[in-house]
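Considered here are two forms of the same protein chain, supplied as C-alpha cells in two stand-alone entries, structure 1 and structure 2.
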Structure 1
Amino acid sequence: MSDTLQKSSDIDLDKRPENGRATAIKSRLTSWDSIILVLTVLVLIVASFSVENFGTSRNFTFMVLDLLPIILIALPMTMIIVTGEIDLSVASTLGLTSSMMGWLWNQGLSIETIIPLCVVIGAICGVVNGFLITGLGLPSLAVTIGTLALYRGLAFVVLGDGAVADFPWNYTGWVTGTIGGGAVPNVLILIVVLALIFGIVQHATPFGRSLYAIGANAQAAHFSGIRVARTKFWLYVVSGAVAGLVGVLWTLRYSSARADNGSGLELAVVAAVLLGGVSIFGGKGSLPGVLAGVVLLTALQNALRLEDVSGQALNIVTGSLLVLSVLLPNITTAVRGNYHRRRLRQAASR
C-alpha cells in the first residue's frame, strides 16, 4: 500500500514541472503580446493580397518612413506609461524643434551644428516637463497638455506660418533613401539600433525592472530604495530628446521646417503604445508588443490611404484603435482571470 502511494506521489511530482512548463507556454501564447503580433501578421498578409501596391518594395519604403516618427517616440513613451505617467507634448516638441531647425538654418548655422542643437532643445522641453511633474508634484496629464499648447505656440512664434525648405540634399536624400538603392530604407538602421537599446534597458537591466515597480506601486518602490522622482525626471528628458531627433528627421524627410509639423502625432503614439499591451495605469507592458502595435497601426493607415480613404476616416480609425487598445486588454485579462479562478475552484472541489 505504501509503495503504491509512493509511486503515485512520484508520478505527480514528475508531472508538476511538465504541467508548469505547459502552463507557462499556454500563458505566453495567449498573452496580449502574442495576440497583437498574430493580428499584425494577418493584417500585413491580407493587405498584401487585397490592397493594390501594398506589397511592393516602394510602398514598404514609404511605410517605414511613416512609422519612423511613431516608433521612435513610442520607445520612451512606453517607459513613461509603464511608470503610470504620460507625455502628450511630444508632437509639439517635434514641431518646436522643426521650427528651430528652420530658424537656425536661416541664421547661417551648419546642418551639422543644428542637428545636435535641436536634440538638446527637445531635451530641454523634457526637463521642463520633468521638473513640473517630479519637482512640483503636478499630474503629468495636466502638465503635458499645457506644454503641448506652450511648445506649439512657441513654434509659431519662432517661424510663423512660413516654411524653410532649402536643406542640403545629402541629408534629405539619406533620410528618404534606401540602402544600396534597394528596398530597405536607411532610417531602418536607426529604428533597429534604438529599439534594441531601449529594449535591453527596459527588459534586461535593473533600471528597466524599477520602471515596472514604480508603475505597480510608486510608494512601495520608493521605500524599497528606488529613486522614483529621479527616474521619472530622466524619462521625460529622454522623451524630449527623442522627440527633438524626430523633429529633425521629419523636417529632413519632407525638406520643410514648419511650426505645424507633427500635429496630432501624439494620438497615434499613445494609441500604438496602448494597442501594444501597455497598461494606461502603469506596471504592465512590453516593448515587443508596442513595436507590433506600431506596425499594425501604420499598416492599417497605409492600406486605407492606398484605398483613397479620407484623412478624417483615418482619424476615426486611430481614435477607435485607441479606445479598443484600452478596452480589449482589460477584457482579455478579466476573462483569463475568471478562467483561472474557475479552474482553481474546480481543483479545490475534487
Structure 2
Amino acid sequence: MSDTLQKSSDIDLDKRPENGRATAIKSRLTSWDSIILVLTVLVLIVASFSVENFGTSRNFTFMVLDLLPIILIALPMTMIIVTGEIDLSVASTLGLTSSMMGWLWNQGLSIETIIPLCVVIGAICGVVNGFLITGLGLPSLAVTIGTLALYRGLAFVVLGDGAVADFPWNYTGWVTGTIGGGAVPNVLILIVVLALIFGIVQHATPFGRSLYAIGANAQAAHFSGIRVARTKFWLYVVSGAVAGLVGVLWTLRYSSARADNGSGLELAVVAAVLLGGVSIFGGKGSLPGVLAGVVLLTALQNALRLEDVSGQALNIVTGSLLVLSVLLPNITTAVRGNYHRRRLRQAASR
C-alpha cells in the first residue's frame, strides 16, 4: 500500500498528473490484492456452476461457519503483520479460552458471565504477549512460539483431554443458525460488523496509517511522534481478545469445549493473511485483500470437499498460493527492473 502511494507520488513529480493517476490505477489493478480478489470471484462463480450443492443456502451457511474463526482472527493479525510483527499464539489462546469456558461452565457460572469472561481471558493472553514483546523488547516470532506452547499447555492443564458439551441450546443454536431460518447465517452479521470496524480503523484513521508507518520504518515512525510500543501492545491485546471471542464461538459451534480446539489454526490464519497480499516484513497490505484470501481458501476447500477430494490434498494448493503470492510480485518487479535498466542504458548511449 504505502509503496504504491510512494511510487505514484514519485511519478507525479516528473510527469503530468493524469499520467500519474493512470499509472496508479494500473498498479492498483495489477497489485496482488486485486488479483486475489478476481481469483476469489472466479472460484466462487465456477464452483457454483460446476460443483453440485455448492450454491445451496445450506452449503453457504457451512462455508460461513468454516470461514468464521479464520476471518475473525485474521482481522487483528493483518494489523500486527502490517506493523512487521507476528502473533502465532492465537490458536492456543482460542484453545485456552475454550478450555476455560468448559471449566467455568462446570463450576456452575451462567453462560452470560462466562462469555465476556472468556474474551477478557483472551485479552490477558494478549497482554502477556504485548508486554514480552514491547515491554522487554523480545522478538515477536520467538515470544509467540513460546506462548503458543504455553497457552495450549495451560488449556490442557485446565481441562485435560476431556470435553464439556452441555452448553445451552439457545446459544449453540444461535451460532449455527440463520436469521429467521433464512439463508443468512447469524454469525455473518458478526463477521460483517467486525470486518467493517477493523477495515475503517485500518484504512481510514490516523491510527491505521500509523500502522503502515511503523511497519515501513519503526524508528522513523517513533521520531515522527507515533507511539510504536504502545500501538503494538494494544494490537496484541485486541488480537488476544478476538482469539478469545473465537474460542467462545468455536466451542458453541461444535458444542464442545476441548483443550485441543483450533490447534494448528495459527498457520492457516497467517497463510490467509500473506495470501491476501500482506508483506511479512510489514508496511504493505490491505484488509480487502486478506478477506478475499480467506474466502478463496475456504471456498476452495469447501468445493473440493463436495467433489470428494481430500481436504488434506488441498494443502498443496494453499501452500503453492502462499509461496506464489510473494514469488510472483518479486518476479514482476525483477522483470520491470530489468526493462527499466535497459531503457536507462539506451537513453544514456543515445
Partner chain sequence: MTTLSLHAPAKNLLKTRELGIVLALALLIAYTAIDNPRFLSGQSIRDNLLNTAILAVMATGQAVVVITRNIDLSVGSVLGISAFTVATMMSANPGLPMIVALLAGLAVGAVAGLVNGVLVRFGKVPALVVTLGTLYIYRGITYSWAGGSQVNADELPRHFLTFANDNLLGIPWLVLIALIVVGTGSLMMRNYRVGRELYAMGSSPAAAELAGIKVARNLLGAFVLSGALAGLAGVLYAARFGTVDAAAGNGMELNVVAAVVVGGVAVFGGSGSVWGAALGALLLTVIGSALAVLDINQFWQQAIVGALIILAICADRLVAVRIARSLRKRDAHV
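Note that the coordinates shown come from a computational prediction; the quantities given were computed from them, not determined experimentally. Residue numbering: sequential along structure 1, first residue numbered 1. For the two forms, the rigid core is made up of the largest set of C-alpha atoms that agree within 1.5 Å on superposition.
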Which structure would you label as the form predicted together with its partner chain, 1 or 2? 2
If I superpose the two forms on their rigid core, does the C-alpha of residue 61 end up displaced by 2 Å or more between structures 1 and 2? no
On a core-based superposition, does residue 38 travel 2 Å or more at its Cα between structures 1 and 2? no
Would the C-alpha of residue 319 be classed as shifted by 2 Å or more between structures 1 and 2 after rigid-core alignment? yes
